[in-house]
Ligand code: UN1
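Just the one chain here, laid out as structure tokens, in the form predicted on its own.
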């Protein structure tokens, strides 16, 4: 986990750094601790984006109390009316898209086109989910007794704790927040400590849209605040996106407390490039999949599984393209790849690059360096890196690196390629490039991942389809689509007996 940043050497007086606050019960307030932490631009650590309250358990208590107090009123608000407010929220996000994108690039690092896509995903999620306010369907069915009616409906789970990561600072919070609200829940969000401003922007938009006080609350801070939220007695559900190790700990705590928990965790995704693939298209997809967001996506194409017949040609074309990528500040329109998020992440990624250099047979084809001179000296920059001739069992082929590093693995036939793709502990996203429909459908059937692409990279989910993975990637839930409603609502079965007498299902005989 990132550590609090201390202001230093930025040529500004401390007092000139803008302070932001927690949002609790409809008020913007500081932390009970009285402490603050700095949100630093990863492309220029001398640039302090803002100063945020370092929240503790007392702040979480206050936020949960506010959410609890507003719960009945919000639950009883008709779902179509809740949805109208969410649609208004989408309009506010759309109006402010450019500003939100620029501020996100400044605090997170990815290039402006990508942060624009991040905000757009929040907009799409809001518009799409607002429509569900009139489609929170249950169903009716025939009862087994005469003069008896049987049906079911959705009801809100209750108070939801949302814990979000750094890599999609507005999209992922929206994936959790908007469905939770349309289902009638109240929420407390623990913002990602590296990207609190984007969450604040989303919550300010909720406030402007007229979502009632206490329905949405946000606390900023680190692990102390997150742990307090997970363990709080009044929180019914925890929705978490982040590392597998942290997700496992949250799952253990929630199991002890009988909480509902939804986990979206790691990935070690792969693209299969068959011998009949359009190589130029496959190279383009691999470049985007591996190095978009500097590889800091759970869906990143961190393994490229390439048929031996086209292996040499593919590697040559890919390396040429990777070496031409321009690394720099994401606010510069010429930049292709921005920084990684913080010092800890940079050290971890560079450590994996060293592991790759030392593993038998793997060949470093390009990159691998820490960019720290000239314009890079105050940022967390790593050269886009490609390893070739890797074996499926190598650590760089098995473990999530979460940075601008991809590994190329050769194969001989499709079944071998599928075995390689499935041979990791994760199961989030996979892809195949081929012109053969039979091969495509065989791969679609056999690849054990929650998402599968044909002739595209492993990244690029859309909000109206379910998002999530198998095995170590999650715990079976899906975000986005209508499937997300099953996280934030529970089913209630309803029986109405209008016979005027006691009828005992499974016991009384029905006359025919």
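Bear in mind that the values here come from a model prediction, so they are computed numbers and not experimental data. Numbering follows the first chain given and starts at 1.
Not pictured, yet referred to below: the form predicted in complex with 2-aminohexanedioic acid.
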* Structure fact -> For 2-aminohexanedioic acid in the predicted complex, the stretch among 323-331, 377-385, 437-445, 293-301 with residues bearing a heavy atom within 4.5 Å is 293-301
* To do: Using the partner position in the predicted complex, report whether residue 335 sits within 4.5 Å of 2-aminohexanedioic acid, counting heavy atoms only.
  => no
* Would residue 194 show up as a contact with 2-aminohexanedioic acid in the predicted complex if we use heavy atoms at 4.5 Å? -> no
* **Partner contact for residue 167 in the predicted complex: 2-aminohexanedioic acid, 4.5 angstroms, heavy atom** => yes
* Find out whether any non-hydrogen atom of residue 132 is located within 4.5 angstroms of 2-aminohexanedioic acid in the predicted complex, and reply yes or no. => no
* Would you mind picking the one in 460, 30, 26, 46 that has a heavy atom within 4.5 Å of 2-aminohexanedioic acid in the predicted complex? => 460
* Answer option from 405, 172, 417, 119, heavy atom within 4.5 Å of 2-aminohexanedioic acid in the predicted complex -> 172
